[in-house]
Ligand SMILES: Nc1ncnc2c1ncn2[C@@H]1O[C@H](COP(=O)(O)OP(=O)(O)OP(=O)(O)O)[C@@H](O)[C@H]1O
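The chain that follows stands alone, in the form predicted on its own, written as structure tokens.
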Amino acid sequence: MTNLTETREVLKNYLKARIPLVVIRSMERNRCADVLASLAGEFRQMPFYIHTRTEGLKQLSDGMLVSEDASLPAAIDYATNLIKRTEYVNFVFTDVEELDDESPTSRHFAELARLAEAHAGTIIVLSEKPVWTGLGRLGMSVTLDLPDADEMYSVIAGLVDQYRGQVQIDWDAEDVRAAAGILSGVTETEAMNVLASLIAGGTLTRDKLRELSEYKDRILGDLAGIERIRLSEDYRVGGLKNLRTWLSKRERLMIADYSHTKVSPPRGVLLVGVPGCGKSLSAKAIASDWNLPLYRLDMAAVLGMYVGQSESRLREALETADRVAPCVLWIDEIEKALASGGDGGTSRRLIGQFLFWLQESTSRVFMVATANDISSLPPELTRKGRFDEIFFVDLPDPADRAEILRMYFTSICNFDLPPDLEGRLVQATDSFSGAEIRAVVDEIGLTMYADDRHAMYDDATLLQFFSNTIPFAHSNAEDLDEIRAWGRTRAVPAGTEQLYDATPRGTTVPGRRIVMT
């Protein structure tokens, strides 16, 4: 049963029970009006009226205008007088402002609802926001969610079938189902506009499915807290074999059909570890490999200066992520936004809201969160079950460094490393992160370009480039020890093996002691 069907049944029961006030939470006024019009057809003995700003007050069944004055006060006066004279009358109000807080308008509607209760009438309010508590407690509410995949399938199939034979349409039922999955999260009107635009082009071939995500992105536009990251290159990650193997199994699960099971799509991963070892690059690589849009949750844009503002913005951002699904959602350095501090409890509330969404959301949003300062991570975030897995990203081992060197020398310098030079560079880059190797190879490529060289430098010169770099592992040895000590017991290695001894520097390993006399 779709949400539309469920909402219709709830509204039907509310009307039969003569609930004096019914609030329908939705951003789709026309879709709500269609549901109410169908119910008006069933309750023919009850008059239904609807008010809109542009058309004024009309009968819902036939659209006949009942008042020349299109203003809201005039509609409220008409409803007040008719409810006093007639029982079982229903009035639908759309686009009413100032109902989310106590105001003259919300108090006026509260009085109207009390009047309706005395005469078996019903006031129906369409609103995107919750209404003032003093008003809402006088009646009942119901939420009409955006069309789900099943409802979207019916909408798309109906439009596509309407134009078969008039234009070239190659889509079969499976293609329509795929289109419905992509467009889930937009309104019915928005979906119809997208499909109508494609059909107007004269063809509806299978390659048009790729354009749907782009259309969806244009619809949503620039939304608070969510930034679309354009994937302009073929992102590759060297090493991290355990992580890459684990991700390859999740790719299929992101596109699986869960409609007849209780299985939920993958939630995502938390990547912690040494800076510069591929955590952020992995988020881009996942989106690129899975052919999914990548969105970055900008926590700096979420945090506000007023009480409650940050929580509201985070909720809106996460709801937006649900709407743009299927996608990869990347939160870089998550500990900076969710670390506890002297902020009046805002961080704790953000953590609670974020974890609730992470636990309850069933949309196809694959979360990739990264963290460098693991000491700031709240314990609630690392509890088993929050993410599908927590991976520790360490410095690349010799095999991984060889892969990274080959990858960057080929892509940046257009040069294939001979085996003997590769081995010497692997030794020279001991304790280097992937980002540090990339930085040195970038420097080599830029220097070659500046010197107008068409051939690679000799081996000694190449080795000199790397010897001039002091890696993070040497300059911040104590920080590295702390990071590794945390990752050894709390996360799964992202690479093939652990490279380190987690014993902090300056300590000794307990062992047998011999007393010499």
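Throughout, we count residues from 1 along the sequence that is shown. In this text the structure is predicted, and so the values were computed from the model without any measurement.
We do not show the form predicted in complex with this ligand, though everything after this point is about it.
*Asks:* Select from the listed residues N90, T429, N372, S310 the one whose heavy atoms reach within 4.5 Å of this ligand in the predicted complex.
*Replies:* Selected residue: N372.
*Asks:* Which listed residue (Y295, Y408, F109, F391) meets the criterion of a heavy atom within 4.5 Å of this ligand in the predicted complex?
*Replies:* Checked against the cut-off, the match is Y408.
*Asks:* Using a 4.5 Å heavy atom cut-off, indicate which stretch of 274-282, 204-212, 420-428, 168-176 touches this ligand in the predicted complex.
*Replies:* Contact-bearing stretch, as computed: 274-282.
*Asks:* Taking the shortest heavy atom distance, is I83 within 4.5 Å of this ligand in the predicted complex?
*Replies:* Close contact is absent here: in the predicted complex, I83 is far from this ligand, nothing within 4.5 Å, heavy atoms only.
*Asks:* Going by a heavy atom distance of 4.5 Å, is R236 a contact of this ligand in the predicted complex?
*Replies:* Yes - in the predicted complex, heavy atoms of R236 and this ligand come within 4.5 Å of each other.
*Asks:* Counting only non-hydrogen atoms and a 4.5 angstroms cut-off, does I404 reach this ligand in the predicted complex?
*Replies:* Yes - in the predicted complex, heavy atoms of I404 and this ligand come within 4.5 Å of each other.
*Asks:* Please tell me whether any heavy atom belonging to G434 falls inside 4.5 Å of a heavy atom of this ligand, as the geometry stands in the predicted complex.
*Replies:* So G434 counts as contacting this ligand.
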